[in-house]
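Presented below, as C-alpha cells, is a lone chain in the form predicted alone.
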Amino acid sequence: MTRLLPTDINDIPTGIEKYDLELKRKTGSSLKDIAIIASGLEKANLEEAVLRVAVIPVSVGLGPISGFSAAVNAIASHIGFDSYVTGLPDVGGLDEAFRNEADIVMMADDYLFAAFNLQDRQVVSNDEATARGYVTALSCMAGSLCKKFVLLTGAGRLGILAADLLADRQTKLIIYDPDRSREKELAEKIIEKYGATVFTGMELPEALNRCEAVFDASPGCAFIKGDYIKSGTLVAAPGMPLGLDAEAYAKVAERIIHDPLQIGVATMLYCSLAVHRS
C-alpha cells in the first residue's frame, strides 16, 4: 500500500465539495453515485437510516499520517455517513467505536487499509474498492468501455484487480508492465477466465497510441510522457504519485480522474454494505 504524504491529503476536508463538482463534470456522476454503482447496490434499495462510521487512527509501524484520519472522515461525512474520528488510536479507538455503536470501522496500518462492517462481518480493502471505483468512474466518463482499447499500466496488486474488472466489461485490454513476466502472467489469467483477447508485448508509446483509455495502476512517477499520449485519451489514475508527466497531464487535464483517497474511501464504504443490502 502506498504511504501517502500529508501534502497529498491535507486539502481534502476543505476541498471535497469542489472535488465532487469537478468529478461530476467529467463523469456525469457524483462521488456518492460512483461508489454506489461500483458496489453493485441499487440506490433505491439503500435504507434511510444514516450509518455511523468510526475512523480509528493506528499508531503501530510508521504511525499515523498527519491529516489522514481527518481526510477519511471528511469523505465519509460528505457522502452522507455519520462519521467521526475516535479520540484514542488502536485498541482504545476500537473500544470507543463499539461503545458508540459504530456500524462501520475504518483503519489503516502500513500494510492494509480496510473498512469493517461490524453488523455483517464484511471487510473491504482499499485496493479492491479503488479498483472498482476507478473502473466505474472511467466507464462513466467514457459512456461505456465495451469494445474500447484500454491500456492497463502495472501488473501488481491493484493492476490485477483492475484487469479482472476491465475484462468483465468486455474491453480490448492492453497490459503493460516493465516486468514482462508479470505482464504475461496476468494476461494468461485473464484469457483463461474470460476467453478474451489481451494484448501484451507492446512498448509503452505504441500502447498509448493504440488505446482509447488508460488505467494507471503503476507505482511509477511521470513515466507517461507528453510525447506519447494523445490529447483525447481518457485516464483513470488512482496511483500515487501520478504516472503522467506535466506535459501529458496538460493534454488530458479535462479527461483524467486522479485523487489520493476520495473514490477509494467512498467505494469502500458502499462495498462494505453490498452483501447485506444487495
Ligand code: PYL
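Just so it is clear, the model here is predicted, and its values are computed rather than measured. In case it trips you up, residue 1 is the first one in the sequence shown, and so on.
One more form of this protein exists, namely the form predicted in complex with the named molecule; it is left out here, but the text below deals with it.
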In the predicted complex, which of the listed residues (I190, A74, A108, L165) lies with a heavy atom within 4.5 Å of the named molecule?
A108
If you check in the predicted complex, do R3, V58 and F113 all have a non-hydrogen atom within 4.5 Å of the named molecule?
yes
If we take heavy atoms and a 4.5 Å cut-off, which stretch out of 222 to 230, 22 to 30, 248 to 256, 61 to 69 is in contact with the named molecule in the predicted complex?
61 to 69
Since only the chain is shown here, I'm wondering whether T136 would be in contact with the named molecule in the predicted complex (any heavy atom pair within 4.5 Å).
no
Non-hydrogen atom contact N126 with the named molecule in the predicted complex at 4.5 angstroms
yes
